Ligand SMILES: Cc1cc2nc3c(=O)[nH]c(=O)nc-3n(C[C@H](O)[C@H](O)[C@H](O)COP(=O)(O)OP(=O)(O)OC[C@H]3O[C@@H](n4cnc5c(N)ncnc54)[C@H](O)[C@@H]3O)c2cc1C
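Okay, so here's just one chain, in structure tokens, the form predicted alone.
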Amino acid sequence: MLTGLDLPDRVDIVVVGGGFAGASTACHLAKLGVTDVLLLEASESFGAAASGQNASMIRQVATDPCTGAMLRSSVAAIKDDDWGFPVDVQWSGSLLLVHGERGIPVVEAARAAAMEGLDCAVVPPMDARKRVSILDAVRFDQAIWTPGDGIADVSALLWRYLNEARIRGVRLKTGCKVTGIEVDGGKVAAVRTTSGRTACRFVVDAAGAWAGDVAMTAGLGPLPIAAYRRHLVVTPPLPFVDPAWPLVWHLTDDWYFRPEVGGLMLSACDQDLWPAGPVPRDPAILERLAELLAARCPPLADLPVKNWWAGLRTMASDGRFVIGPDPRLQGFFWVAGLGGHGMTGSASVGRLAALLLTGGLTDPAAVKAMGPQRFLPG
């Protein structure tokens, strides 16, 4: 770990952002033997933004087929016991609830995922209510049961990537904000930071909500990527909660809950456009959540609140990840727009990014689907 102002004069690759996108990319580069890498995090600790403020939920069914495939391969990697850094995961499963026409794409996606090998099934309400009794009061037509979903130790997973990168030779530095990217002859030449300057051939923009800001320092116009604020609420222990319950997400009505230390973690799935930076809480969200639960799940009405916070989810306009080289500037590489899937998809995201950076063989369809060129003319 680098301390003080001791940045190297030159490295091959600078990765900007120490959340799941950047940490996994650095880790997978190192596993491919590419260790002349510097990972920079603007905050004083890794995972201080979205990667440390999420609901810790592993969920593998996604309506977009490319995203779903990435999530499933990533979960397989997370389960891999060959890593030297264990990650505690409660594989308690998930129930995704739907009703009406809005639920049709999710049901179709689940059936397609099952055809491709995911252990999931579309079940009637009776089956879901046997697993979670309070769903007796909830309206839904069908549920998607995925036993291989669950709740992960977010910090342990992030540090799996960071530690794997570090022991293989990647240099890590916190408290180091990128202030500019130097360009020479149409190529990335160096990164300027609050701790000094480092020459490099590649810059990996894995800065989450700040990804657009980083690109602008290189003179690149923005891609259609935006950050959105979402609140999470945690209750104290509740006598009716079974800690073995799966995570429950009503995808049609936009709310979810999961067990959390004897109580529940809940969200009203709010999604307000928000600038990169501090994310203040909005007290109105507590009333909104209470009203939503009273109407949609009466057993959860009038819950006490122990803690609550807001974080950012950064997404591209089409909902897919943005992974690949920017055709406008040689050496500039995006790993961004993971919005809501950063933890679950982290292993696949980092592996795909590392393969592309090193010229390794990968799925050309995924490259085309995920690359930033899809937003650019020509």
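Note that residue numbering begins at 1 and tracks the sequence as displayed. Bear in mind that the values here come from a model prediction, so they are computed numbers and not experimental data.
One more form of this protein should be noted, the form predicted together with the ligand, which is absent from this view; the next part is about it.
Taking the partner from elsewhere, Gly324 is found to have every heavy atom lying beyond 4.5 Å of the ligand in the model of the complex. Using a 4.5 angstroms threshold between heavy atoms, Leu29 stays clear of the ligand in the model of the complex. Heavy atoms of Arg351 never reach within 4.5 Å of the ligand in the model of the complex, leaving it off the interface. In the model of the complex, the ligand lies within 4.5 Å of some heavy atom of Lys177. The three residues Ala42, Ser51 and Gly342 all sit with a heavy atom within 4.5 Å of the ligand in the model of the complex.
In plain terms, the part of the chain that comes close to the ligand in the model of the complex, with a heavy atom within 4.5 Å, is 199-207 out of 234-242, 284-292, 131-139, 199-207. Only one of Ile144, Leu162, Ala227, Val214 comes within 4.5 Å of the ligand in the model of the complex through a heavy atom, and that residue is Val214. This chain is drawn without the ligand; in the model of the complex, the residue among Ala62, Leu38, Leu312, Ala347 with a heavy atom within 4.5 Å of it is Leu312. Interface residues of 11-48, taken as those with a heavy atom within 4.5 Å of the ligand in the model of the complex (partner not displayed): Val16, Gly17, Gly18, Gly19, Phe20, Ala21, Gly22, Leu40, Glu41, Ala42, Ser43, Ala48, in sequence order.
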